[in-house]
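The chain below stands alone, shown as structure tokens; this is the form predicted on its own.
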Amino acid sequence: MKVLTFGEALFDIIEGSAHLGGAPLNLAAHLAKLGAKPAVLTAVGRDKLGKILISRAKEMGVDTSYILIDDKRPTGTVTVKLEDEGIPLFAINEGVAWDAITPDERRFEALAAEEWDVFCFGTLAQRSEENRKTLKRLLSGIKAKHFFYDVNLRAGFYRKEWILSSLEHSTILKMNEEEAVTISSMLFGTTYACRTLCRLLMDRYQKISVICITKGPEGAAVYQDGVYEEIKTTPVEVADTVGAGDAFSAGFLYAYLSGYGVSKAASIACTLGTYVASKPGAVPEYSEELMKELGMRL
């Protein structure tokens, strides 16, 4: 299973401790753990953090050949403050390397020559004009069976036009409950229930075939072919929720693209997302118990 993720790669500084982060990198790392072959297209600075990031990504099984080195900008960092129940508040630094993901022609040609099972992208990396240009070219130029859009809104770093453009290119859409409220209000002028919102989105965006909405400790909902289903998950003691959504995405994509139905894929995704929420950091080590459970279900 060949996957390309695009966007931010950085270090989350959580209570003074540095953890590898950025949704596209987290997603790639979890997919690698599950057995996929992910590559990430991003940029880091020519600095110590950049070297560490590339080294750790390689150790996790992520293809780093599309990680660009920026001589002018530092590797990205985000300061994360944990609120009640492990909910993170992000202070996202600007003017960093992943704000300028600009592959040269040789790399664009290499990306276009590959056949990807899924291309994954989000909203945050679109905050820079350079990245929006790169993403536009990728969406029209690469060969992928699916285009996975994780809405992943961060306060102050999204615009309606970026979201509309992203939805037009998506085949699989993922968001959380809070993002569903924002999308509903932004696109339809009112807050629809998740079931209605899914129907309206698919009516408007014909390429979208699957929608996932994560609901924290309540599990998730999936929508396909007019059928809306809620998937429950087992409650856990939360360490922090950083990366839990990315783990859900990885679990869902791996199971769904392996041929499982959306309901089974979402159930597997909830298991993985819940596990990650119970551990500190976005990409914790998988326990033997988790691997056994995933192995039995996949």
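Heads up: residue numbers just count along the shown sequence, starting at 1. No experiment lies behind these values; they were computed from the predicted model shown.
Another form exists, predicted in complex with a small molecule; not displayed. Remarks below refer to it.
**Student:** In the model of the complex, does R154 have a heavy atom within 4.5 Å of the small molecule?
**Tutor:** Result yes; R154 sits at the interface with the small molecule in the model of the complex.
**Student:** Does the small molecule come within 4.5 Å of any heavy atom of A23 in the model of the complex?
**Tutor:** Heavy-atom contact with the small molecule at 4.5 Å: present for A23.
**Student:** In the model of the complex, is there a heavy atom of the small molecule that lies within 4.5 Å of any heavy atom of V276, even though the partner is absent here?
**Tutor:** Judged by the heavy-atom cut-off of 4.5 Å, V276 is well away from the small molecule in the model of the complex.
**Student:** Using a 4.5 angstroms cut-off on non-hydrogen atoms, would G251 count as touching the small molecule in the model of the complex?
**Tutor:** Judged by the heavy-atom cut-off of 4.5 Å, G251 is well away from the small molecule in the model of the complex.
**Student:** Could you spot which one of A269, L53, V242, V62 gets a heavy atom to within 4.5 Å of the small molecule in the model of the complex?
**Tutor:** When the small molecule is considered in the model of the complex, the option within 4.5 Å is V242.
**Student:** May I ask you to choose, among F188, Y228, F90, W162, the residue with a heavy atom within 4.5 Å of the small molecule in the model of the complex?
**Tutor:** Of F188, Y228, F90, W162, the residue with a heavy atom within 4.5 Å of the small molecule in the model of the complex is F90.
**Student:** Can we say A43, D47 and D70 each have a non-hydrogen atom within 4.5 Å of the small molecule in the model of the complex?
**Tutor:** Answer is no for this spot.
**Student:** In the model of the complex, which of 242-250, 35-43, 54-62, 259-267 comes within 4.5 Å of the small molecule (heavy atoms)?
**Tutor:** Of the stretches listed, the one contacting the partner is 242-250.
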